[in-house]
Every structure is written in structure tokens, then in C-alpha cells.
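Next up: a single chain in C-alpha cells, the form predicted on its own.
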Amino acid sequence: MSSQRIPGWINYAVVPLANILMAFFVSALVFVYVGVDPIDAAKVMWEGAFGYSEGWGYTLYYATGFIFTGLAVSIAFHCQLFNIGGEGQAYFAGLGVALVSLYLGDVLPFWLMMPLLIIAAGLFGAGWAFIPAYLQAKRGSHIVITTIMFNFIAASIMAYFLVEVLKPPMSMAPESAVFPVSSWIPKMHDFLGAFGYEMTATPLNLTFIFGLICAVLVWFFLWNTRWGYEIRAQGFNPSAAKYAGIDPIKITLLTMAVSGMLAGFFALNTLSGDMHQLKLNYVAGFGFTGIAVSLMGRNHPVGIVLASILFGFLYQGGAELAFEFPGIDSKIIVVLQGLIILFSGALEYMFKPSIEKLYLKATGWRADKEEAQNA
């Protein structure tokens, strides 16, 4: 079967959709097993995530975090680097955001604080990713092992700073002081309210718009710049890329730095946009879930944005589901995520041959006729 007759939208849209539908079908069987009507469960999740403005707000708030961590993983994937350290990079970036907010928030106005916070989050995230990149590029250490280890190192460093440095006097909680107001990213309901649109108060903030801008910039960077071409060439064929004059050390360092920077932007959404203080474990697994988001989105910014909204739907809809059905453990959302990861990752190409054959049959093409014409 020739791929020349198979359009790109089959592999980038139809195949992932088939995988998601199969994951939802198996999820429905799980709900039947626990004694819940899957149709009722789907309605509750949909209404809870998209049925009213508050649900939308929480869904998009969660999706914002997934956009950053998903983009971070996708950049590394294009260079055939498996960055498992998004969790630690996002966590460590929170330290940069906290330091800038606490030490400059009372001095500088909002319009100066925002670019400084973006720079701090990006630099701390990129810096934490640069070390494993250097170890692989210069010392031959495997990027998967080092990034996993650096997640634990970041957690230890953050615990030290929150207990010994940033914790306010007389406080027993391992968290920093509340950031000055000038370092708060405006909430979306306040922003829309200024234009006369009423929205229920939610954690959703303007970082969501910044996340969409980052997705566009990642697309432009990968497919419209020389560096992006070198990253994709290195990932597609390292030997050919090196023969063409592409420095693998430079590309590895660049790719991981950009990946860590994107993961670091997660701190803007959670800390500057919602919590307004640094707390332990504030990343809450979003860095690891970003791997699934990137896989589902086929490492393309558009797909990652859509996959992020889907996972935001699962988070918010799952919370509503646990509220409406007290007998359901809230951890069932982890089961749903696992099924989606299973069918979008490990079983990614299970339906691809059948879908391609159906497409060729529907459009009147046959592989043998095509091969005869090309002979």
C-alpha cells in the first residue's frame, strides 16, 4: 500500500480519532463494571467541563498547563530526545518565578513584572534542562535517565528553599509568602469583564492566551526556521544530519533548552495566575501527563492544543463525575487517562492499516493498480 495515495489528514486526524473513540468505548465498559450508566457518566462529564462558564474556565485552566508541558515534550521528540524531565523543569521554574515576584514585586509595576516573570520561568526551566542535555551531548549519558533523576533533584532543592529560605517567619507550612499583586497575571473573568462579558470566577487566566501564542511560535520555529529544520533533520536521520554539517551537540543543547523553557512556562499559569505563592508539589503530575498530550497530538502544536483541551476535559469532567456519583472514586480519571495513553501511544497504529484500506476502497484506488502504473 503506497502512502502517496493516503492524505496527511488520515494519519493526523482520523487515526487519532479512532484511537480516542476506542479508548472511550473501553472506558464505557469500565463504567458498566462499576455499576454506572456510561451515557449518564458522559453527560455529567460533558456538562461539568463545557456546560457552563465555570466548567469552561477550569477546563481551559488545566489545558493551559498541558499545552506548555506537551509542547516541551514535542520539541524534544522532533530531535529524537525523550524528555522525561518536564515535571522537574516546570517545578524548578517556579523557583525563578517566586524569587522575581517576592524580591521585585513590591518595587516594579505590573507592566515590568510580566516580562521579567516570563524570562525567569523560561530561564530556570531551560537551565534545568540544559544540564541533562550537556551530559548526553558531551558525556554520553542517556537523556531519559538523567531527566528522570533531575526530577527528584529539583524536588529536593525546592523543598530546601521552601523550608529554609522562602518560608515566612513563624509559619509552619512549607510555602512561600503570597506574591505582591503586581506579579499576578490577570484572571480571564476580570479581563473579559472589562469588555462587558460576564464569566464566573475561575483560575483561568491570561496565560492561556500566552500558551496559544507559544503553540504558534513552536510551529513557526520547527517548520519555518533553520534551527527548526536542523532539529527535525537530527531527529529523522542523525547520520545524514551530521554529514550535512549539522552539529549534533549544538542541536541537542538547543533542543533541550527550548524544551525546558516551554515546560518552565507552566509556572506562570499555576503560580502567577492562580496560587500567587510557591508551594510544594504544585506541578501535580502535569509534566508527566504532557508526554501523553504530545503523543496524542502527534507532536504537532495544533494537535497538542486539542489534546490539552481533551485532558482538561478529563480533569474537570472527572471531578464533576466524582461529585455526582459518590460511589465513584475520583481516581477513576486516572483509568480514563491510562486508556487514552494506551490507545494513543502503545496501540497508536492498531487501526491505521484498516483505515487506509477503507480510504483507498472508498476513493476507488487499489494498491495493485497503482503499483502497475508505477512499474
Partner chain sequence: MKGIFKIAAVSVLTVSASLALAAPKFAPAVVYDQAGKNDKSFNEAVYRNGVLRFAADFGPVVAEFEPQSETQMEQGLRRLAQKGRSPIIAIGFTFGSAVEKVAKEFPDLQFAIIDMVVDLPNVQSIVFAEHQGSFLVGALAAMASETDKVGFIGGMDIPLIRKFACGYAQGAKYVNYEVEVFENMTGTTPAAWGNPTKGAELAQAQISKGADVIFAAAGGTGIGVYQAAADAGVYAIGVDSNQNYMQPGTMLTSMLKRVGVAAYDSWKEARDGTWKGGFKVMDLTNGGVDWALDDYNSSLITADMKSWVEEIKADIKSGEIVVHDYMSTNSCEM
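Residue numbers count along the first chain shown, from 1. Remember, predicted model here, so these are calculated numbers, not experimental data.
What comes next is about the form predicted together with the partner chain, which does not appear here.
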- Among 122 to 130, 139 to 147, 167 to 175, 107 to 115, which stretch has residues with heavy atoms no more than 4.5 Å from the partner chain in the predicted complex? 167 to 175
- Query: Hey, with the partner chain in the predicted complex, do F77, M199 and F208 all fall inside the 4.5 Å heavy atom range?
  - Reply: no
- Note on the structure: If we test each of A284, V181, I213, I249 for a heavy atom within 4.5 Å of the partner chain in the predicted complex, the one that passes is A284
- Work out which of L339, L306, V36, A319 lies within 4.5 Å of the partner chain in the predicted complex, going by heavy atoms. A319
- Message: in the predicted complex, is there a heavy atom of the partner chain that lies within 4.5 Å of any heavy atom of Q277, even though the partner is absent here?
- Response: yes
- Exercise: L192 in contact with the partner chain in the predicted complex, heavy atom 4.5 Å: no
- Message: At 4.5 Å between heavy atoms, is Y52 in contact with the partner chain in the predicted complex?
- Response: yes
- Query: Would F343 count as a contact of the partner chain in the predicted complex, using a 4.5 angstroms cut-off between non-hydrogen atoms?
  - Reply: no
- Heavy atom contacts to the partner chain in the predicted complex at 4.5 Å, residues of 40 to 65 in sequence order: Y52, E54, Y58, Y61, Y62
